[in-house]
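Before any questions on how it binds or moves, here is one chain, the form predicted on its own, in structure tokens.
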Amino acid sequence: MTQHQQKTVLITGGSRGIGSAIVSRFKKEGWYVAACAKSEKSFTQSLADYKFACDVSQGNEVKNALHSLLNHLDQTKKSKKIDLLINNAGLAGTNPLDPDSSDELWEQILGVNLHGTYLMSKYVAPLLPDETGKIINISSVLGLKGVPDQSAYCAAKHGVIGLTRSMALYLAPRRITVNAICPGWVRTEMAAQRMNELGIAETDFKTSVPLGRFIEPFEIADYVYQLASTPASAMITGQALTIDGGAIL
């Protein structure tokens, strides 16, 4: 891919886990990669071309961060175009429907996962090119089912799918596609923390997944890249696409 043809992708939550794997995948394919995380210090070994801090749940912070990114793109690429937005920033936590559960945690989880996806999409959508622009939101299999002690996370990830469908219709006149990817158990720090909470080992988990193993972060990244780049994806929009080893059948 030549400098003139080089496409730009913006990835939220790009410093670790699935986000870091997505950064690496797009860099491998020659894209110009901008990535944000809540703290710039979390980018310890990132391959991203431009790394910046942004709390996606805060509207003013999103606007200011995008303004800085656009100035940077204008100086380095002589373009203020973003070809693809990947809303990957996420936050999980145990939040049962219990009088003693934390309202603050509920608000934080909804803020990052759902409100952050909305805000980033709202301000990036005008920058996407007609006909070829894309938004890919990272939801979860918990956006398709419930878990008793994950009320906020399930609500947020269900909301991401609803938002995806609404945005797909809104942006359809510009031929911009919007889809959600719903991963199952992925080998990340977040998954390890959840398994520790539940007191289960990987061998216990495998019985609930027909294909019998964790998904690796690079597999999610590859799925995202295929959806972003293959010609057939031009007619895929408003979908919640699972990659879960057969957990939801």
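Source: prediction; values computed, not measured. Numbers follow the displayed sequence, beginning with 1.
Missing here is the form predicted in complex with a small molecule; even so, the following discussion is about that form.
Colleague: Check whether I18 has any heavy atom within 4.5 Å of a heavy atom of the small molecule in the predicted bound form, and answer yes or no.
Modeller: Close contact exists here: in the predicted bound form, I18 approaches the small molecule to within 4.5 Å, heavy atoms only.
Colleague: Taking the shortest heavy atom distance, is V33 within 4.5 Å of the small molecule in the predicted bound form?
Modeller: Outside the cut-off, so no.
Colleague: Although the small molecule is absent from this view, report whether S39 comes within 4.5 Å of it in the predicted bound form, heavy atoms only.
Modeller: Yes.
Colleague: I'd like to check something about D55: if you look in the predicted bound form, is any of its heavy atoms closer than or equal to 4.5 Å to a heavy atom of the small molecule?
Modeller: Flag for D55 set to yes.
Colleague: Using heavy atoms only and a 4.5 Å cut-off, determine which of L119, I138, M167, A156 is in contact with the small molecule in the predicted bound form.
Modeller: Answer to the contact question: I138.
Colleague: Taking the small molecule in the predicted bound form as the reference, which of L211, M190, I200, L70 has a non-hydrogen atom within 4.5 Å?
Modeller: Partner contact (heavy atom, 4.5 Å) among the options: M190.
Colleague: Heavy atoms within 4.5 Å of the small molecule in the predicted bound form: which stretch among 89-97, 121-129, 76-84, 169-177?
Modeller: Single hit among the candidates: 89-97.
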